[in-house]
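Just the one chain here, laid out as structure tokens, in the form predicted alone.
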Amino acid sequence: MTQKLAFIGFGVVGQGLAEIMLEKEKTLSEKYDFDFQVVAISDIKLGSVYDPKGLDLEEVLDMVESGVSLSEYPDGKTGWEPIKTIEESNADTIIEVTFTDMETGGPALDHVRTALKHGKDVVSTNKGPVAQKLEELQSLAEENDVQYKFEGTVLSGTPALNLALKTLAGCEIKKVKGIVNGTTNYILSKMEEGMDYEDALQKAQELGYAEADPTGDVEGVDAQGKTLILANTLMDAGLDLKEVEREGITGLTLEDIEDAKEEGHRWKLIAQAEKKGDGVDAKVGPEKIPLDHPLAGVMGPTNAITYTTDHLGEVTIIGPGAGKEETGYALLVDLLSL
């Protein structure tokens, strides 16, 4: 059966998925029995179009690259807002890749909630809804016999959640400890080479690792959201964002970096959640890691997570935590799992 897909948001990540699906269309069909039609796209900047018979994805990507509004697509209905697209299109799966507010979960939260209520599967890379309303959204999905997938919310295409939930099924995960923000890891790596914080941040911005306003990364907000997702998804912690302690890297100096070196340690911004009694303690903050720990060798924008389990001891996964193709791939994995 052909999956009918609607993109809510069609920025870098959405386009990354579209490019992968076009490139691998034949393989996806033959090897995974995954046939698809993109029937709708609704993006706040690029415009919107809906054709129940399916859109020409190659033409859509050409229009976007040329700066032509999707509202000028030759067939179908245009001008549909995201909620209308979710409610009234014939899509059976919603790909939610808009921007999100970590404090409220919006506007992505409304999109996900609406889709699930209308009996549509959702795949998304948005951290906000998972961080704010995971239990509610999972209940909604169950009530409406659909699925809500969000692998890409933690380490992009590196399968952090799938590893823990599927491959390590049967293990109790007692502790999660990791580097989940590539921007801060890159900055700390450059500081270890002798670059001061401001210069390292500027370099990260030049390379596209850091935003013009880097607050969300360097103050630990991004990592805080990912820690919450890990704790609630893997440990049923039931925590709120404010219950995850947070400290960024802006207070670290070159002297701190050098002192750690002399001690045989290395500073990392560490996200961690650990079962304690009947609850889970979760926090984000700079930590000196001994050089013989797997996380200490993770440099640059790369991410990694170590799971402490009852049967296997420590299991570490390392890989990219961001990127157009990498995050697009996370969405593809979720689509295939449907």
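This structure is a prediction, so every number in the text was calculated from the model and none was measured. In case it trips you up, residue 1 is the first one in the sequence shown, and so on.
Heads up, the form predicted in complex with another copy of the chain isn't pictured, but that's what we're talking about next.
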Legend entry - Contact assignment for another copy of the chain in the predicted complex, among 194, 74, 264, 170, heavy atom within 4.5 Å: 170
Inset, instruction - Tell me, out of 140, 252, 221, 163, which residue has a non-hydrogen atom within 4.5 angstroms of another copy of the chain in the predicted complex. - result: 163
Inset, instruction - Given that the partner is absent here, state which listed stretch (115-123, 239-247, 153-161, 97-105) has heavy atoms within 4.5 Å of another copy of the chain in the predicted complex. - result: 153-161
Legend entry - Three-residue site 20, 310 and 314 fully in contact with another copy of the chain in the predicted complex at 4.5 Å by heavy atom: yes
Inset, instruction - Report yes if any heavy atom of residue 25 sits within 4.5 Å of a heavy atom of another copy of the chain in the predicted complex; otherwise report no. - result: no
Inset, instruction - Find out whether any non-hydrogen atom of residue 338 is located within 4.5 angstroms of another copy of the chain in the predicted complex, and reply yes or no. - result: no
Inset, instruction - Flag residue 319 as yes or no: does it have a non-hydrogen atom within 4.5 angstroms of any non-hydrogen atom of another copy of the chain in the predicted complex? - result: yes
Inset, instruction - Considering only heavy atoms, tell me if residue 285 and another copy of the chain come within 4.5 Å of each other in the predicted complex. - result: no
